[in-house]
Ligand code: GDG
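Quick heads-up: it's one chain on its own, the form predicted alone, in structure tokens.
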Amino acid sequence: MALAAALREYSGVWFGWSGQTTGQHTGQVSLQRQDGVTVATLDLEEQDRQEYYNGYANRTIWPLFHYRVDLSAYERSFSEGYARVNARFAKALAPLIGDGDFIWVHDYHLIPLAQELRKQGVRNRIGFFLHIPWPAQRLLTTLPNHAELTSALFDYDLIGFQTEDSRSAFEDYVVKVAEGEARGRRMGAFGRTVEVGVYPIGLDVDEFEASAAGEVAGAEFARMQASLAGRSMVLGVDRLDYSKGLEERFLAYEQFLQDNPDLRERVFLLQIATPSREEVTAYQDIRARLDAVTGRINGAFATVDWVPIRYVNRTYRRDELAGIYRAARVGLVTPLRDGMNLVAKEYVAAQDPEDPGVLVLSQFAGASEQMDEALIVNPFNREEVAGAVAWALTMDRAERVRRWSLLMDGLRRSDVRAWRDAFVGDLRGHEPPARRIAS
């Protein structure tokens, strides 16, 4: 969504894994046109999918970068698969790159891609943007090949992080572990230098507001309003992932019910949790735990005509979600660690300006660096989260409008175009490009 308009504007190419597997790797690239964008994709072997995607990307890097060292799996076959697939990507991508093109690589799946492209003789400017947090150096050094992984980033011309916290953690590693140096936006280590910046990703506010005002969102809002039956709704919308703090959120909501008996039966929590990575054991475990916690809380507090938690495991379209957001008095966004979290921004953008809801936001979501007017909480402190929910539910309209107005001003100033233009401007050195390639 964030890159589609830019790729159309500059006749760019989107390159990546097709999501399909093949019996034997051929290196053949499939080219298609989708919504005005050229899409180049590559199939992977089943071994690649298991070792690269389910393995190193989602069982090693993802948990480690989200501060779950206890869930990180370090297996040699995983790191070998990660290196092999990035080399295959680079070999397939290099022939598509022309003089004057620049390449913008996205996220933790592709950290070594620039290094592999350099081996293919690519000398174009290449930027890298990390959508997830960068971990503290003491955590990163638990990774057996941490120096190799970090060194690969120095083949980029520009590295972008979501937050100052992540940029600072990267600098800390460069200086203290890699024995490099940091001078302003330039960092040097491993015999090379790279420019580093903070580029918080934003929302396409105009597009989302239009979606929220559309027929589908309107129908979903009306359906939710009828379902409320005069009650207030606290809403969580997340991918089903241990980093989202769903179990801690449910326990905080249970604390809220215990602390506020007068509000019981006047409120319910709707948690939409979209299943993901269901082949990974840690995701199977979190789903089982959430099922158990939900059942216990509902069993303890429910009455014949009221259920305190509605827990839904399915996917909703963005325009459907816009209507659900608008019907919620409280948006509960409490990840234990998150690069940014656009749900927080979508919730704010979907609100009725005359009668907006209140955002309760984790201090460990990247969005908290920009959204001071939300109720910022520590998701590990269930009493604090419970208190914030109670405050949000009883907050008067004038205060809700004041906070929402300031939050919306911030969303407009730092929207997706500001994010894109800031990064691209720095990557290309403000020289007009021939086109761009996003990976």
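Since the structure is predicted, the reported quantities are computational estimates derived from the model, not experimental observations. Quick note: we count residues from 1 along the sequence shown, nothing fancier.
Beyond what is shown, the protein has a form predicted in complex with the ligand; the following relates to that form.
For the options T150, Q162, T334, Q271, the one in contact with the ligand in the predicted bound form, meaning a heavy atom within 4.5 Å, is Q162.
Put simply, of R231, R289, R296, R239 only one has a heavy atom within 4.5 Å of the ligand in the predicted bound form, and it is R239. Residue heavy atoms within 4.5 Å of the ligand in the predicted bound form occur in exactly one stretch of 110-118, 246-254, 319-327, 302-310, and that stretch is 319-327.
When contacts are judged by a 4.5 Å heavy atom cut-off, Q284 does not count as touching the ligand in the predicted bound form. Contact between I132 and the ligand in the predicted bound form is found at the 4.5 Å heavy atom cutoff. The ligand is not drawn, but in the predicted bound form it has a heavy atom within 4.5 Å of L342. Although the partner is absent from this view, E220 stays clear of the ligand in the predicted bound form, with no non-hydrogen atom inside 4.5 angstroms. The single residue of 299-314 lying near the ligand in the predicted bound form is R314, the criterion being any heavy atom within 4.5 Å.
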